[in-house]
Ligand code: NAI
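In structure tokens, the next block holds one chain alone, the form predicted alone.
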């Protein structure tokens, strides 16, 4: 066929089956840029003239099917007309593709996200390849936008509106087996048989599995009921003034059957919103953090964690979940046992399949004698915060380590320069500082001491990336970045309580600002004793708040003791009415946090303001729609 293509390859076999393979030129992953869509349109032109027996759409990349639309192009939408044109480009093309006379099939292997899934949904059949990297989703809401190329129309038709709205409103992804189970994929096969399975399904003529009657009703006469329920669920997590996109998705599905072009004012409002601009910024910050360690050829297969407390045990479990063989050391098996119990619960929740859970659990090996040290590629020390104890440990393990192994400490409060004095090779010690809960928090601070070995830091970043966390290089300084900025923020919140503002009002002020949790509830969750210890170190000698001192003296330590600022006897914070929030309270409470971020950037604890913004968002949950604390302040100065 004489189509001149740069990004696609089109071939037709002897049976008349056409295959369109997307292999975007000059990129490691496929995305749907204007050029890619234009070429796809020319392929359809050609196939209109010479209709094939069927068309298979697939990827030529190792990295997956299609990662979505081209984010770079989205960042250039500076007028309403450009926003509408972008929606029209994909909506018109995919509707045209969905209406072709010959059968079509997408082979989905690896990431299939956003516009990539919308393209696959426009096919008659979707064949999912069952391997660990296959993930499908419509995560546009994470960028403050909506799936405007047919996802809001076709996903509810395939899986029913409840499951479709859940995916679109949360941005969550699903694997190949789940896609088959819920009806998103027509079949799920292992890689070795995907070619013959694709051809067989393409030519089968089999009808799509019909939606159950109740789901069809929810897509029709009961749409209003479903939409109202979805709005209530979204309202629990996101306020419309902060995150307008999920509300727009519900409206566009309910009122316009997913056709955003029928409501151009919604396109204009969402695409030009500060939220969309800032969330795209956050996406780029996340991609930048993912790039740390990419130049290192370091790969970890075996990890040894010393200290089976909450942090050490959960770090070990996370590494085992991510496919590594992990030895977990503590003084006795009894001390390791609670960590194994928590690990099993994590594996069951994340993996769901009994065989995979068993395999992960087999990779986590109790090791009271420390036999894993000589075999480990990464050794993480996570014992209690005591310099002498850590010195004794480092003296004992350094002679037994592999020469190129990464030696890391998870300390959150001690200086690496003080910890490494007993090492024969002090430059090899790095900090790999996780946050609690390990399975939930995406950020890991990778701490460089003065005179540290750059190769060790690169290897540590590569390891953090390998376990699907975001590495943030920081200098060795009290509290590094995240704890250092939280301390003055929590202090300001407790000062407000000392002045007579109720804990509920303080928390409500910051929830309304956009924080995921109020600062007083955060203190209760962390533990008042830990907040007290951190405060002494990070508050610059300031006197502890009276509300904190009084509770610690009564052993009211927060969630772990059942009582702190709130009563936790039910397992949740029992809060009274917040009442009216005083004007300016949120701005007053957040100011010390932003001030400290600026200071840490000036002191080069973190390399620049962008990384500081990303670190504080992913390490504290700082309102992502603001684009980060420094971006927020720049907007105020505007």
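Numbering follows the first chain given and starts at 1. Here the structure is a predicted model, which is why all the values come from computation and not from measurement.
A second form of this protein, the form predicted together with the ligand, is not displayed here; the remarks below concern that form.
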property	result
Contact flag, residue 75 vs the ligand in the model of the complex, heavy atom cut 4.5 Å	no
Residue 434: touches the ligand in the model of the complex, heavy atom cutoff 4.5 angstroms	yes
Exercise: residue 365 in contact with the ligand in the model of the complex, heavy atom 4.5 Å	no
Partner proximity in the model of the complex: residue 382 to the ligand, non-hydrogen atom cutoff 4.5 Å	yes
Stretch in contact, per heavy atom within 4.5 angstroms of the ligand in the model of the complex, of 325 to 333, 564 to 572, 498 to 506, 422 to 430	325 to 333
Sole residue of 558, 307, 161, 246 within 4.5 Å of the ligand in the model of the complex, by heavy atom	307
One residue of 390, 199, 475, 154 in contact with the ligand, assessed in the model of the complex (non-hydrogen atom, 4.5 angstroms)	390
Sequence-ordered residues of 400 to 432 touching the ligand in the model of the complex, heavy atom within 4.5 Å	410, 411, 412
